[in-house]
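Heads up, the chain below is alone and in the form predicted alone; it's given as structure tokens.
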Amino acid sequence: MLIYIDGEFLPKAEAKVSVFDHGLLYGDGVFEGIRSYNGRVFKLDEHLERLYDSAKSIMLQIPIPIETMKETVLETLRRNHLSEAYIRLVVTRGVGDLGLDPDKCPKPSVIIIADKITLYPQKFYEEGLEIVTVSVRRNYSEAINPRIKSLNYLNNILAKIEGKQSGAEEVLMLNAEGYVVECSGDNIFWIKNEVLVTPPVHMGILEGVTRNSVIDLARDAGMRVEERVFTRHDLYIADECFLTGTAAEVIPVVKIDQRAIGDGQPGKVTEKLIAAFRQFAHSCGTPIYATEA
């Protein structure tokens, strides 16, 4: 495996960062998780746009132009001879001192890792997930805005820990007002009377690339889609529920807080959206390798 770090492709054992990097010391940086299928990178432009937006929001100047970054992601895949992969793109504040001052970090660092990932076992795609609500609340937008995909993921990790202690693979997170926002690593959708519902961005969620793709696919299929505020009660009485994410793709939820969703089996609409997303994701994207004329 070759990993890109600041202009070099290094073997995994030699790919190292400084202990003074503020990404390590303080979680000061941004990242993206990206997928490639069948030799094409899915929604690469959208992921890069979100990366650069996140960086701008925290006043982090990425040292590579976006078009150069795009080519570097593709070259990382080529160097590792990958067509199906998960790409982790990280930009840290860079090396500084032991203080917080970002001005002491003169040069941000760029890291690109291309590897495989399996977030959930296949049985959960066939049988559905059981999730629980955790006490950990999603970050306030006025604190660390969830729209920034930052390296400071402790909020999500604490939620994940609480869920694992309850035996759940994924958890439901609420905002400060008690409204449903998202899971520790996924966006959430539910269906009632053939209407697809998901929380709006302003409620404090990460605007997922897969989330937006599923919304488009559902609307293209003629479904009514609403982005609105809701509570756990709405989930408990939903006909179907599913999660979306780059690593998870689309995965059904069959039980929330010990309450069966619908008939307790993956829903028909969910299954159609899973199939539609897989077909879409595997048939489009930015080519990794040059195609013949």
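Being a predicted model, the structure only gives us computed values, none of them experimental. In this text, residue numbers run from 1 along the sequence as written. Whichever C-alpha set is largest while still superposing within 1.5 Å between the two forms counts as the rigid core.
A second form of this protein, the form predicted together with a small molecule, is not displayed here; the remarks below concern that form.
A.B. asks: Which listed residue (R137, K192, K149, K160) meets the criterion of a heavy atom within 4.5 Å of the small molecule in the predicted bound form?
C.D. replies: Result of the distance check: K149.
A.B. asks: Name the single residue among N156, N175, T133, S109 that comes within 4.5 Å of the small molecule in the predicted bound form, judging by heavy atoms.
C.D. replies: The option sitting close enough to the partner is N156.
A.B. asks: Heavy atoms within 4.5 Å of the small molecule in the predicted bound form: which of the stretches 61-69, 42-50, 256-264, 224-232 has them?
C.D. replies: This holds for exactly one stretch, 42-50.
A.B. asks: Is there a non-hydrogen atom of C183 within 4.5 angstroms of a non-hydrogen atom of the small molecule in the predicted bound form?
C.D. replies: Contact check for C183: yes, within 4.5 Å of the small molecule in the predicted bound form.
A.B. asks: So in the predicted bound form, is the small molecule close enough to G128 to count as touching (4.5 Å, heavy atoms)?
C.D. replies: Looking in the predicted bound form, residue contacts with the small molecule do not include G128, since no heavy atom lies within 4.5 Å.
A.B. asks: Given that the partner is absent here, does T198 sit within 4.5 Å of the small molecule in the predicted bound form, heavy atoms only?
C.D. replies: No, T198 stays farther than 4.5 Å from the small molecule in the predicted bound form.
A.B. asks: Would P252 sit within 4.5 Å of the small molecule in the predicted bound form, counting heavy atoms only?
C.D. replies: Taking the distances in the predicted bound form, the answer for P252 is no, it never comes within 4.5 Å of the small molecule.
A.B. asks: Would you say Y125 moves its Cα by 2 Å or more between the shown form and the other one, aligning on the core?
C.D. replies: No; that C-alpha moves by less than 2 Å between the shown form and the other one.
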